[in-house]
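Just the one chain here, the form predicted alone, laid out as C-alpha cells.
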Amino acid sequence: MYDIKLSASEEALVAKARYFATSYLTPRAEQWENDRKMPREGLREAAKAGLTGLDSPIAHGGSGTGFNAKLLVLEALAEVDMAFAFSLTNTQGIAGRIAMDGTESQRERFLADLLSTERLGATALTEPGAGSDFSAIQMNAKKVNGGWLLNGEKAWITNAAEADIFLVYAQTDPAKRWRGIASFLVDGRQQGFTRAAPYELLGGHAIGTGGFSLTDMFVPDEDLIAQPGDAFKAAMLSINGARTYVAGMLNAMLHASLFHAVDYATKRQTFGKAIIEHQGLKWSLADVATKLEASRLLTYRAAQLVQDDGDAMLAASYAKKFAGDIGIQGIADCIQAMGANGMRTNIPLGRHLACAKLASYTDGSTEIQNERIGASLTDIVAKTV
C-alpha cells in the first residue's frame, strides 16, 4: 500500500514486532495501565525478542535498522500500547547515542545494560519552567577540576520513574542562552541524584513520566557529550525523527481504534440491520479512515526524509501536527461509534485516547508545530505546484 522499502532483515524485525505486540502486549497492556507503573519485565521480554538496539549499529549489539523500519516497529507496538513503545524507544535512543558517538568507556559502562533494558535511559530536556522554550532551561553546569557540577531540576521526563542513565541538558553560561547549553551523560546511581515521584496522569503510565533533581552532581569530563552550543543543535536535529515516530504511533492507535469500531459496527444490530449500514455512522468512520490515510502519507514522507538525512523539519511538523489533531478526534469518533461499549476498559480505545492526548504534547506541542509551519509560510506559498 505504501512505498516503504525495507531489507529482508528489516522486514523480519517488523514481523517480529507485530507478533510480540499481538502475543505478549495484548494480554497485558490493560493490567499494566491498571497497575499504573512501568512494566519492567515487559521491557526485558522485548529485549529478549530482539526489539531493542533500533538505534544502534550491529557492531555494537544493535539491529542496525534504518529509520523506516524503526518507525514500523514502533507502530506495531503502539497499536497495542503506545506508552510501552515510547518507553522502549527512549531507552534505545540513549543506547544508540552511546553506541555511535560515545567513548569506549561509556559503551563498556552502559551499553549492554541499555540494550537488555536492565537499565533504562532517558533524555532530560524539559524543566518545570522550560518546555517548548528549550533555551530557557535553568539546570546549570559549573566547570570544576576534572569535570562538571550539575544543579537543577528536570520535569516531564519519559522513563524518569525508573531510568538511571540520562542524557542531561544543562546551561553552562546563561548569558549565552542556547549557545551555552551542553549535554552530559549522567549516571543516576551516583551521589547527587534525587528521583521525584512518578506523575499521576490521565493514562499512559507505562511511559513512567516523572522528574528528578541534581545537587552538586559530579560528571567527569569524559561524560560531556556535546559542547556548549553543539548540544542545542544536536537536540533540534534529533527532534525531527522523534516527531515523526510519534506521528506514526498516533496513526497506529487510530488504526487500532478504527479496527475495533468497524468490527463492532458490523456485528451490532439496530432496527433490523448492522449499525455499519446506517449512513451516519458509516460516513463518520469513512471520515476517520480518510484522515488516517492522509496522516500516514505525511508521516511516511517525513520518515523517508529522516532516513535520507534530508531536511525533515517542515515535513515532521506537518506529520506531528496532523496526526495529533486527527488522532484525538478520530479515536473519540470510534468510541462514539461503539456507544457505551467503547468505554469498556477491556477495549483499548480509552487507553489510546489518553495516550493520543499525551502524544500531542510530546516532542513539541501542536502549537509549536504551528509555529514551525507558520515561520515557513512565505517559502511554502512561493513554491510552484
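Computed from a predicted structure; not experimentally measured. In this text, residue numbers run from 1 along the sequence as written.
Here the subject shifts to the form predicted together with a small molecule, a form of this protein not shown in this document.
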Q: Name the stretch: of 355-363, 335-343, 52-60, 33-41, exactly one has residues whose heavy atoms fall within 4.5 Å of the small molecule in the predicted bound form.
A: 355-363
Q) Which pick from Ala141, Leu71, Ala252, Ile207 sits with a heavy atom within 4.5 Å of the small molecule in the predicted bound form? A) Ile207
Q) Of these, Ala163, Ala78, Ala124, Ala303, which has a heavy atom no more than 4.5 Å from the small molecule in the predicted bound form? A) Ala124
**Q.** Any non-hydrogen atom of Ile157 within 4.5 angstroms of the small molecule in the predicted bound form
**A.** yes
Q) Is there a non-hydrogen atom of Phe86 within 4.5 angstroms of a non-hydrogen atom of the small molecule in the predicted bound form? A) yes
Q. Though only this chain appears here, would Gly131 touch the small molecule in the predicted bound form if you measure heavy atom gaps against 4.5 Å?
A. yes
Q) Can Glu11 be called a contact residue for the small molecule in the predicted bound form at 4.5 Å between heavy atoms? A) no
